[in-house]
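Only one chain is shown below, in structure tokens, and it's the form predicted on its own.
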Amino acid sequence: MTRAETKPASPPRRLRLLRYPNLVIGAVMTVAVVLLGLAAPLLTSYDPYLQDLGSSLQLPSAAHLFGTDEFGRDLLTRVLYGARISLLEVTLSVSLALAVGLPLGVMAGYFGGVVDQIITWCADILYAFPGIVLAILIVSILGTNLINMLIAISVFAIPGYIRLTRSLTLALKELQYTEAALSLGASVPRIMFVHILRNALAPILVQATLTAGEVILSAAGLSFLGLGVQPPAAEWGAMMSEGRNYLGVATHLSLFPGLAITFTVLGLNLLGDGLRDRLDPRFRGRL
């Protein structure tokens, strides 16, 4: 019997993925939120902004599964449409943080010296402020709207990407394939963004997934304080803020938006943990 015949067959890909339950469960939960948000007009016939004062503060029923708010609007509809705003917040905030943090981190790790000191110093200054406090300060200066809130959230997420990318660059620039590309005459930008950054995408992807959950929590917190998305927008944090005035008579006004936040953040965190385990070389060798 040959060596090829004695080698055990590798399990199917779907079975290998089952070794990472966090990845599977987190992916299912995240995809569910995305699909529910995108398909909101198909899943409900109610208008998220149309008021019906005669139906205000109704408890959950067959007609309104999540009940109605103080203006008679269907709460399930507003929660579904709120997923759209949360997805927009995640996409724009994480994209902006990546667009700024990754190049700065690569430059700090590759060039070192004064460049590294200046970039690291700026990142340390931002790290000196608690994230939500820094976001409140920025929003207070720029004004309360969705764009300014996303800028504020992105600013306190940038230092994390700078530090992560810098540490990865310090390790990758010493590897043989990077030195070989340099000896063959590859330009510095090509080495930085093709040979280094491309090979650092796995931990960056994990960090982006975990940051997405933080973005949703921060955005909901700012909206709850009145510094983010403003009513009547169907945003989960703003909905919880509106519902706190009716906790004694209509707990569902804050309960269901809060559950939506919990479900989404939990799914993103599980997805990030699963990706970390799947992409970590120490685990990859066990497949």
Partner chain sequence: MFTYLFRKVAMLPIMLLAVSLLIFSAVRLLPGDPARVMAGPQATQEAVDDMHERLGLGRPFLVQYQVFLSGALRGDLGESLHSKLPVTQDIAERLPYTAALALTSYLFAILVGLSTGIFAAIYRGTWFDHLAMIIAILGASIANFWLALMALTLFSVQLGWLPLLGAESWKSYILPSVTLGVLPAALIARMTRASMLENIHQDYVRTARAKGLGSRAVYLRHTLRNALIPIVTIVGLNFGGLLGGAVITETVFNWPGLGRLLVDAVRFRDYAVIQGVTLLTVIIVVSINLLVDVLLSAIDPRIRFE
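Given the structure is predicted, the values throughout are model-derived calculations rather than measurements. Residue numbers count along the first chain shown, from 1.
Although not depicted, the form predicted in complex with the partner chain is the subject of the following passage.
Q: In the predicted bound form, do Ala99, Pro189 and Met192 all reach within 4.5 Å of the partner chain through at least one heavy atom apiece?
A: Negative, none of the three is within 4.5 Å.
Q: Which of 64-72, 241-249, 49-57, 31-39 has heavy atoms within 4.5 Å of the partner chain in the predicted bound form?
A: It is the stretch 241-249.
Q: From the list Leu137, Ala202, Leu92, Val115, which entry has a heavy atom within 4.5 Å of the partner chain in the predicted bound form?
A: Exactly one residue meets the criterion: Leu137.
Q: Considering non-hydrogen atoms and a 4.5 Å limit, which listed residue (Ala233, Leu43, Leu255, Ala27) is close to the partner chain in the predicted bound form?
A: Spelling it out, the residue with a heavy atom inside the cut-off is Leu255.
Q: Does Ile132 reach the partner chain in the predicted bound form if we count a contact as any heavy atom within 4.5 Å?
A: Contact check for Ile132: yes, within 4.5 Å of the partner chain in the predicted bound form.
Q: Does Leu217 reach the partner chain in the predicted bound form if we count a contact as any heavy atom within 4.5 Å?
A: Judged by the heavy-atom cut-off of 4.5 Å, Leu217 is in contact with the partner chain in the predicted bound form.
Q: Any of the heavy atoms of Ala180 lying within 4.5 Å of the partner chain in the predicted bound form?
A: Output for Ala180 is no: heavy atoms all beyond 4.5 Å of the partner chain.
Q: Examine Leu23 and determine whether its closest non-hydrogen atom to the partner chain in the predicted bound form is within 4.5 angstroms.
A: Judged by the heavy-atom cut-off of 4.5 Å, Leu23 is well away from the partner chain in the predicted bound form.
Q: Going by heavy atoms, what in 252-267 lies within 4.5 angstroms of the partner chain in the predicted bound form?
A: Stretch hits, in order: Ser254, Leu255, Gly258, Leu259, Ile261, Thr262, Val265, Leu266.
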